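As a starting point, one isolated chain is supplied in structure tokens, in the form predicted alone.
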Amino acid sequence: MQVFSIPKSIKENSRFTFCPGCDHGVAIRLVAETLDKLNLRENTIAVASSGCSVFLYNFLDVDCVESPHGRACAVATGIKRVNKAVGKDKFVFTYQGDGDFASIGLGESLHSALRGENITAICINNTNYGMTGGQMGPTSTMGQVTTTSPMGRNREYHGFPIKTAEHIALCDGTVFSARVALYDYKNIINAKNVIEKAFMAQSKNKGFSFVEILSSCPTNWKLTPKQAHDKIENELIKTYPLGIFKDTTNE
């Protein structure tokens, strides 16, 4: 049996704040392991958005800033630029939900990518506003029932969901954009490798890097944890295919 050690970047004795079956805990651990592997922890500033992602500061032993809703990429840009101006090139990443990154914060997110800001954004896509009651979000899939779309999302009234990783990949300032999932061991390992590539892009001063993580939301999907992961594997990736949509880090 393999025994996993706790990454140094993870705070010990932290109270777990996420719902049973939620993938935020796995995602945060992958971020922590990657920070330690690349020896980035002591030089890192994380920016957490409003929503479930705001609890990041409870779990990572790094400097962390809580941004207003939707403004994480703008806050990260300011942190990165100010520190660089005084000769302190910090490693800066955001940890956001899909509603934060791709709806209320889409302007900040998109233009950070267009400017090629040398930061990394991680977006947890669980296809709804998880913390505030399970409302329809920008990534809610066609036909998805939420508290604000009780008849299911439809084309005529709600339009189509945004495919964030593909849109960010179209920005000239983006050097890395990918989508991963966490529904089984193989995909968890792949997600960790992809996060490492995104972090390395920033470390090499390449430009904007982005990782979208498909995540379960058993509470608002009204499913068991296993059913939620099955939903990602069998349904969600049909709308949101996994893969790397842009990688110019070696150019």
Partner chain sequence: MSKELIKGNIAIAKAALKAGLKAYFGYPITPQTDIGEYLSYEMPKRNLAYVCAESEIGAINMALGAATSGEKVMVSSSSCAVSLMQEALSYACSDELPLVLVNVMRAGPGQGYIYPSQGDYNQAVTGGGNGDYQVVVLSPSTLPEACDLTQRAFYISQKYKIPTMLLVDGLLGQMAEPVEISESKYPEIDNSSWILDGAKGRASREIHSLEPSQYKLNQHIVSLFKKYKEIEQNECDWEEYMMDDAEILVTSFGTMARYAKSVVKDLRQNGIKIGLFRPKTLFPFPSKRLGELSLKVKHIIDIEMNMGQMLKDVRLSVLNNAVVSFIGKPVGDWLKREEMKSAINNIIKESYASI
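Numbering follows the first chain given and starts at 1. None of these values were measured; they are calculated from a predicted model.
There is another form of this protein, the form predicted together with its partner chain, and it is not shown here; the text below is about that form.
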Please determine, with the chain shown alone, which of 158-166, 140-148, 106-114, 121-129 has non-hydrogen atoms within 4.5 Å of its partner chain in the model of the complex. 106-114
Selected contact from K204, K226, H69, K197, since only one has a non-hydrogen atom within 4.5 angstroms of its partner chain in the model of the complex: H69
Residue contact check: L38 to its partner chain in the model of the complex, 4.5 Å heavy atom: no
Using heavy atoms and a 4.5 Å limit, would one call D184 a contact residue for its partner chain in the model of the complex? no
Touches its partner chain in the model of the complex: N43 (any heavy atom, 4.5 Å): yes
Look up in the model of the complex whether V26 has a non-hydrogen atom within 4.5 angstroms of its partner chain, and give yes or no. no
Quick one: which residues from 75-101 get a non-hydrogen atom within 4.5 Å of its partner chain in the model of the complex? V75, T77, G78, I79, R81, V82, N83, A85, V86, K88, K90
